[in-house]
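Presented below, as C-alpha cells, is a lone chain in the form predicted on its own.
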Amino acid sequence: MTAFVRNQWYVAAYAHEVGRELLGRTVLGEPILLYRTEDGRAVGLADRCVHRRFPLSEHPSRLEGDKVVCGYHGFTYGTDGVCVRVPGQTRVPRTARLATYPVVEQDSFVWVWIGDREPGDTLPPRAPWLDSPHYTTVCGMEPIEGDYGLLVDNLLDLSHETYLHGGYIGTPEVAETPITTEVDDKSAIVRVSRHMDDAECPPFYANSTGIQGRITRWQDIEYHAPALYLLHSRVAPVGTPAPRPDGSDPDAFHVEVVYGITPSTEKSTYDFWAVARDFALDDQEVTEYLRSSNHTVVMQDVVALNALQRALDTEKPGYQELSINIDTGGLAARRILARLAAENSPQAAAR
C-alpha cells in the first residue's frame, strides 16, 4: 500500500460540484462534508454528526441558511463546526463540535487540507489552464477501486498508451521513444519527457485538430507529489517550426491534461481528470468529441487499475516486481511519496 501523505492539499471536488446541496467525499480516510454558504463561500466540515455519527451529507440532512441540520436527530452546526442546537434541551454540550477543514478554490478545483497542522501560507500547486479564457476544458471524475499509487505509476509511464489506449491516444511511437526524467526532491516534483519527432497522429488529435499525416508529438509531464499531475502535450504536423525563444508557439496545438489524484481510502482513489485545449475554443463538436474520447481513455485506465489491484491483493508476500527504464519516473515518485509520508507522520510530529 502507498502510504498516505498528510499535511497536504488534495482535490475534494470541482468548484461546480459544490453548491447548496450537501456533498460528501472521503479524503485520506476522513469523511468530509462540502457545501457553499449563502454568500458563495465553500465550507469543509467533518461529515459525521457528533451524536450518533450519522453522515451529514445523507438525506434528510439539510441546510438552514448556512447551518447544517442533521437529518437523524436534528443536531445543528455552524460553518465553524460548533453545534448551536440540540433537540430537547437548551444546553449544548461543550464537546459538540465538528472538525473543520481549510478549503481553497483554485483553478476550478476545491482543495481541502488534510493534516494535523494548519497550512499557513502553503497553497496547492497550480493548473491555471482550467479556468483560463484562452483554453476550453472538459473534465470529470471517476472512482478507482485501488491504491492511489497505482494511478501515479500509470500516469508517469505513458508507454502504456500504445497498448491500453490504441485507437484513441496510443501509437507505436509512444512506447518506442525513450524518455528523460528529472527529479526535484526539494520541491517534490518529478518531470518525465518524451519527444517524438515523426509519429502517427492518433484519432484523439487527428479528429480534434484536423491534422492529416504524421506529427511531432511532445509529452512533458510534471508530477507535483502527492496530488497533482500535469501533462503538457504539444502536437504539430511534421516540419512545423519549434517553439520560439520567447516561449511562444503559434504553429502548434497544445493540450494541457490535468489529474487531481486524491486517495479516498487505502484501496480507493478519486481520479479527477481534465483536458484543456488552446484551439477550436468555441467548436462544440470538438468539445464533445474530446469529452467522450477522454472519458473512454480514463475508463480504460480505471478498468485496468481495478484489475491490477485485485491481482495484487492475491499475490503472496515477498513477490518480486520487475522495473525497467520506462519506470524511472514512477520509481522516483514512489521514493518522494514515501519520504513525504514519513516526514508528515504522527510519529515524526511527536519527535
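Residue numbers here begin at 1 and follow the sequence given. No experiment lies behind these values; they were computed from the predicted model shown.
If you look for the form predicted together with a further copy of the same chain, you will not find it shown, but the lines that follow are about it.
Review point. Can you say which of 170 to 178, 102 to 110, 134 to 142, 120 to 128 gets within 4.5 Å of a further copy of the same chain in the model of the complex, counting heavy atoms only?
Key: Result for this chain: 170 to 178.
Exercise for review: Could you spot which one of Gly210, Pro93, Gly247, Pro250 gets a heavy atom to within 4.5 Å of a further copy of the same chain in the model of the complex?
Suggested key: Looking at the other structure, the residue within range turns out to be Pro93.
Review point. Does a further copy of the same chain come within 4.5 Å of any heavy atom of Arg48 in the model of the complex?
Key: So Arg48 counts as contacting a further copy of the same chain.
**Study point:** Arg85: touches a further copy of the same chain in the model of the complex, heavy atom cutoff 4.5 angstroms
**Key:** Heavy-atom contact with a further copy of the same chain at 4.5 Å: present for Arg85.
Review point. Wondering, does Gly74 line up within 4.5 Å of a further copy of the same chain in the model of the complex on heavy atoms?
Key: Yes, Gly74 is a contact residue.
Check your understanding: Can Ser233 be called a contact residue for a further copy of the same chain in the model of the complex at 4.5 Å between heavy atoms?
Key -> Output for Ser233 is no: heavy atoms all beyond 4.5 Å of a further copy of the same chain.
Check your understanding: Within 4.5 Å of a further copy of the same chain in the model of the complex, do we find a heavy atom from each of Leu305, Ser323 and Ile326?
Key -> Every residue of the candidate spot has a heavy atom within 4.5 Å of a further copy of the same chain in the model of the complex.
**Study point:** Interface residues of 145 to 171 toward a further copy of the same chain, as seen in the model of the complex [heavy atoms, 4.5 Å]
**Key:** Residues within 4.5 Å: Leu150, Asp153, Asn154, Asp157, Ser159, His160, Tyr163, Leu164.
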